[in-house]
Each structure stands twice: as C-alpha cells, then as structure tokens.
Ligand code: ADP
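Shown here is one chain on its own, the form predicted on its own, set out as structure tokens.
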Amino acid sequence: MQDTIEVFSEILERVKGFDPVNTRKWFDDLVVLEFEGGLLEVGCPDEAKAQFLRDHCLANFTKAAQNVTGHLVSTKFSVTGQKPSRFSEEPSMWSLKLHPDYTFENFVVGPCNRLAQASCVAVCHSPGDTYNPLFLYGNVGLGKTHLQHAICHGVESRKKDAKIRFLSCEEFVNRFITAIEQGKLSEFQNKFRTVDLLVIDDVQFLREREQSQEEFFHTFNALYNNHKQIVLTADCAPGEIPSLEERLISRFKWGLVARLDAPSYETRVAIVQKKAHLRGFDISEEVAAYIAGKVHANIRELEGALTIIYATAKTSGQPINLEMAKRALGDQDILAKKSVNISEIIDAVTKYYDVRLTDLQSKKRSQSIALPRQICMYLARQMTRHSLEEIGGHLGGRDHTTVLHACGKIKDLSVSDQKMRKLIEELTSSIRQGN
C-alpha cells in the first residue's frame, strides 16, 4: 500500500505540472480507491470535486499515471463513501456544472460586491421568501458566476432533495425551441415550473425572443406564486435590457436588484491571495500587491496572472517571489493589453459619443447610433479575443456578417480619414490605460 501511495503522490505532482490552471489545493485530499488491472480509481471528497476532475483533469491524470507506471492506465473518479449525487442523475439538464471552488467561503467580499454577496447568503437561508427574484448584474469577470454556484451549493447543503435548475438563458431558449419541435412542451414546462430554485445566467439574451419571453413570463409566475426562488444574472440592469417586455422588467424588479462593480485595489489583493491558496501555493503580500497593481479589469485576469506565475515556478523550479513574478509577467503593459473586455470598449465609445448602451443594442440605424456601434465592433475585434458572434451578441444580437461589415468599414475609414484614424488611436489608448 505504501508503494501505491508513493506512486499516486508522484502522479499528482505530474498532473500539477501538466495543468497548472486546474490544479487545486484539495488535490491533496484525493485518495486511491483502486489501482490494479490497468484501472486507477481516485476517491474524491464530494461529487462537485469529482465532476470537476472528470471535466477538466481526466486526460492529464491518465497521462501522468501512464508516464509514472509505464503501462496503459484508465482513470475513474468516484466519491469516497457516498452514493452518486443528485447532480449526476440528470446531466442533460445542466449546462453549467457546480464548480467546487465557487462557494461563499471562497468569495472575497469588498465594497464592490457586499450587497450582492449578502443578498445571496440571505436567499440560501430563506429561498423563495427573501429577495425573490434576486437579480445580479455587472460586467464580465466580477463574480456573478461564483455567486450563482455558491447559491446552488448553499441550497443543496441545507436541503439535499431540493430540485435545482441552473442553466444559461441561451440553453433555456434552445430547450424551449426543441420542446416545441418535438411536441414535448408540457414536459419542458413541468421541468422548469416545479423546481425549488431556478438560476438563469445571462438573461439579457431573452431580448427580441417574443415566444421565449412569453414562456419565461409564465414560468416566472408559476415559481413566484409557489414561493420558489428565482435568481437571474445579466450584464446590465433590468430596465437597460433592450427589447425586453415591460411586464418582465417589472417582475425582475420585484425582489432585489444588486450590482457588482470592479474590485478595488485592496479587494484585488485579497482575491489574489485567496485564489493562490485555492491552488495550493502561498504568495507573499508584495507579490499579491504587484499582481493587483498590474491587473485592474476583473477577477478572471487576476487568475490568468496567477496561472502564468505558477506555471513559471513549476517549470523553472524557482520560489515565487517578487523578482520572479516580475519576470513571469513582464514589467511592460502586457497585462493591460490582455485585460481589455468588450464592456470597457463600449463604455469608452458611449462616453465619447454621448449615447446610451441601449441605443447601440437597439435596431436604430441613424448615423449617430450606427457609427459608434460599428466602432465598438471594430475595437472589440482588434482588442479582444471574442468571436464575431460574441461581439454581435453584446451589441443587440447582431450576426457575424454585420460585425464583419462594420470592422471592414471602420478599417477603411481609418486608412482614408485622418480624423477617424486619430479617434481610433485615442480610444484605443484610453481603453488600454483604463481611463
């Protein structure tokens, strides 16, 4: 058995080297349930962690086991001493599986998110009665997804048999369309109108979908009238979602609408330290302060910086200190370039042209609206890694051909029109600097 423990320890070390992004401190809690006949069965503390490993780490565990043993090995993840969780009984209903890291315990609270976090905790303690519906909104990477998962974890821990549905708005719409096509509308309605907790992400994508809005309206009413909890998230407040029916906007405001803002410097330092701890390595306060000072945009970019540092440390064998962190990240404005998101671009353009986001997302085609919209598309294409479809989605659900046309037009204008070229340069510089 001692040999098995030593072999598994070496396998874990190789997995950490293969995949620093998905390495977690709780890997140290994994145990070997079986290791014979070409099968490595790994015991996990709970189903959420087992599912995380199946989704993100299966290939690397298998590769590491084969490298260490020199034999063909298949890997399986099971929950130690527990029956399969309810979450694995109906995987087709889950577009977003619960992440083991996204709990209230691991959420860093600051002025930017205190109301949102407190409201989510209250919902867990009294679902359906307190803040129903709960509507969270804010830019990408500010913690909305973390809080959604935390609510599901919290409700699950308090009521094991709770019926929970957690999915994106796009999946809700797609399932609704499929149900109509297959003549299974009653089955669809039963699955969504009889739950204890319904969590819908990116509800802004209900816009301009009249039939889906009608179905969601009745689903909302059924749950609300039965005192079942509804949690919704979006990138903007209910009243700013274009082409959304007034009756839905009104209902979204019935409970509590909470906004998440970009974290302050102090909060970013705390987030960096928390994320490092979750990945099983400690960093000094000066390293955390350096990262927080380099990355301003959102939490995902902070995680990206940590990944670079951790990977550099693993490959070089060096301790993580300020000097190494500076070498890993570079003292130039590399991270500033990486941290740009579409919301920052839209904010800069709408401020310059004095137009509203709802105007850019609307069907208006006047030059005063169309030109800023096209500039947003062009800058998003140049400064982010988003696809044409994703860029169009942020600007009223435009298709990829519309975005491509806009990018081509602004590019041509930048070449032929000195005023436009200067404007693009000024906007780019302003966005990079976070002004």
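A residue's number is simply how far along the shown sequence it sits, counting from 1. On a predicted model such as this, the values are computed, not experimentally measured, just so you know. Basically, rigid core = biggest C-alpha set you can superpose within 1.5 Å across the two forms.
The protein also exists as the form predicted in complex with this ligand; that form is not presented, and the subsequent description refers to it.
| request: Just give me the single entry in R300, K326, R193, R259 that has a non-hydrogen atom within 4.5 angstroms of this ligand in the model of the complex. | output: Of the candidates R300, K326, R193, R259, R300 is the one lying within 4.5 Å of this ligand in the model of the complex.
| said: Just to be sure I understand the contacts: of Q273, T75, Q361, N139, which is the one whose heavy atoms reach within 4.5 angstroms of this ligand in the model of the complex? | reply: It is N139.
| Tell me which of 140-148, 312-320, 244-252, 224-232 has residues with heavy atoms within 4.5 angstroms of this ligand in the model of the complex? | Every other range fails; the passing one is 140-148.
| request: May I ask you to check whether A292 falls inside a 4.5 Å heavy atom distance of this ligand in the model of the complex? | output: Looking in the model of the complex, residue contacts with this ligand do not include A292, since no heavy atom lies within 4.5 Å.
| request: Please check if F107 has a heavy atom lying within 4.5 Å of any heavy atom of this ligand in the model of the complex. | output: F107: yes, in contact with this ligand in the model of the complex.
| query | Taking the shortest heavy atom distance, is Y102 within 4.5 Å of this ligand in the model of the complex? | reply | Looking in the model of the complex, residue contacts with this ligand include Y102, since a heavy atom lies within 4.5 Å.
| field | in the model of the complex, K411 touching this ligand (heavy atom, 4.5 Å) | value | Yes, K411 sits close enough to this ligand in the model of the complex that at least one of its heavy atoms falls within 4.5 Å.
| query | Does the distance between the two CA positions of F52 reach 2 Å or more between the shown form and the other one, the core being superposed? | reply | No, F52 moves less than 2 Å.
| task | Determine, after fitting the two forms on their core, whether R421 shows a C-alpha shift of 2 Å or more between the shown form and the other one. | result | Yes, R421 moves 2 Å or more.
| said: On a rigid core superposition, would C407 pass a 2 Å threshold for CA movement between the shown form and the other one? | reply: Yes: C407 shifts by at least 2 Å between the shown form and the other one.
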